[in-house]
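Just the one chain here, laid out as structure tokens, in the form predicted alone.
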Amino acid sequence: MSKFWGSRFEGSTDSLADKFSFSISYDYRLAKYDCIGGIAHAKMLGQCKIISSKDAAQITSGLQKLLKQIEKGNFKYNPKAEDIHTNIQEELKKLIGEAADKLHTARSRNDLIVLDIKLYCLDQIEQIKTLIQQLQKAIVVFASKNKDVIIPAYTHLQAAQVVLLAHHMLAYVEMLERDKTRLKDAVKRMDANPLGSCALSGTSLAIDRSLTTKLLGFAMTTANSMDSVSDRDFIVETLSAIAIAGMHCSRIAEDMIIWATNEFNFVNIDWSLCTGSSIMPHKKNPDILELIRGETAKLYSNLSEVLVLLKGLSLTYNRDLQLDKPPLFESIEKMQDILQLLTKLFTGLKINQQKIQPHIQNESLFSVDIMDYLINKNVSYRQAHDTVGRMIKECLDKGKKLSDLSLAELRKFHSKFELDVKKLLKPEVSVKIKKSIGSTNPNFVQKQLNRWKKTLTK
């Protein structure tokens, strides 16, 4: 297998050096984008009369044939090729002959690899955004089916107040929406064509970079050739957005792991996403969710790896930059798997409403509602807080329920109490009396469900 740079060298490189430095084992994923970039570049070279129209047509036709093979999964990568660019070039030459040697005119592997990775990222980000939207839809459908279910909500993993299950689910939808906007924002800065920057200084040949920008569908052309070939900010931004999305997915998985325990038993996870035990036949383990929680660690480490890789590099291209691709590929592929698995989770998730009921009958969960009752009677927040705290302490110490207190007993704690305060000691009342925008009030939650249904079907 020949190399793009072999003519300068007197002998062959060491076989171990080749094994250590070749990237075909992972950059084969860029084959499609290498062909797409090559087609645009060949058309531009032909229109600028840098190569003949016949050669441009031959190169374009050959690359289109290779592209079809790649898309159908029929392209056989050569494990002995130095990288995917070399592999495509060699295969093109087999198809069209000497004209293939003109494809690399006015370009370098330095600008070519940035182009390929950008095209790859732009494509894969669209897929991730679609998968996020599919997960959001599955969550909204699940929330709508269970919109009347009330659950305890937690701070410090201690039961705090009651909320609608749908309200909890819509928190996930909001988190995921921010993930989509971060990815969209990364695309804005990524969407610039680097091709034509060549090794680092541009070219003396009369190329038309604006034409390749148009042919490739980029929003703009990069302004500085040195920055163009050394820039990997777009990889860092992509990895950062994916790491944050992974964190959100991990938190969702953690909630479901907790809710599926025997101690909670709020949800029943479909058997297809669980495994058993090699020694305990009764076990139904949420292993897939645990692995999602675990795999997100790789999303963080991949981001860190690329940041550390770039930290000490001088301009422009350094071979270290070859190593930006494995963490990028891994994070993108893991994120796509995680999103699809979570979509399957919510599609098959069942609520154990009878198991939830005892957890929302604890009258301590309505303490803030009782405080608000006193505040509405012109009692200060501090006094209301102290009053309700003393009430709950005495009831807990004596094993009594707040609802069992007589009017006289209530007024021992504060003279403003009336028996109507007991109406607040029900979960369905607690969610209905919330008035603030964004709260768990059923009317607000229904409006949010309607909004998301409409938004996610656009």
Ligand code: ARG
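We number the residues from 1 along the sequence you see. Source: prediction; values computed, not measured.
Beyond what is shown, the protein has a form predicted together with this ligand; the following relates to that form.
Going by a heavy atom distance of 4.5 Å, is Lys325 a contact of this ligand in the predicted complex?
Taking the distances in the predicted complex, the answer for Lys325 is yes, it comes within 4.5 Å of this ligand.
So in the predicted complex, does Thr440 come within 4.5 Å of this ligand, heavy atom to heavy atom?
Residue-level check for Thr440: no, no contact with this ligand.
Answer for Arg109 alone: is it within 4.5 Å of this ligand in the predicted complex, judged on heavy atom distances?
Within the cut-off, so yes.
Report whether the minimum heavy atom distance between Arg319 and this ligand in the predicted complex is within 4.5 Å.
Output for Arg319 is yes: heavy atoms within 4.5 Å of this ligand.
Pick from Glu237, Glu305, Asp231, Asp83: which residue has any heavy atom within 4.5 angstroms of this ligand in the predicted complex?
Of the listed residues, the single hit is Asp83.
Of Cys249, Leu135, Leu103, Ile113, which residue is found within 4.5 angstroms of this ligand in the predicted complex when only non-hydrogen atoms are counted?
Only one listed residue qualifies here, and that residue is Ile113.
Can you pick the stretch from 278-286, 237-245, 250-258, 83-91 whose heavy atoms fall within 4.5 Å of this ligand in the predicted complex?
The contacting stretch here is 83-91.
Which residues, if any, of 12-31 lie within 4.5 Å of this ligand in the predicted complex when only heavy atoms count?
Ser23, Asp27 sit within 4.5 Å of the partner.
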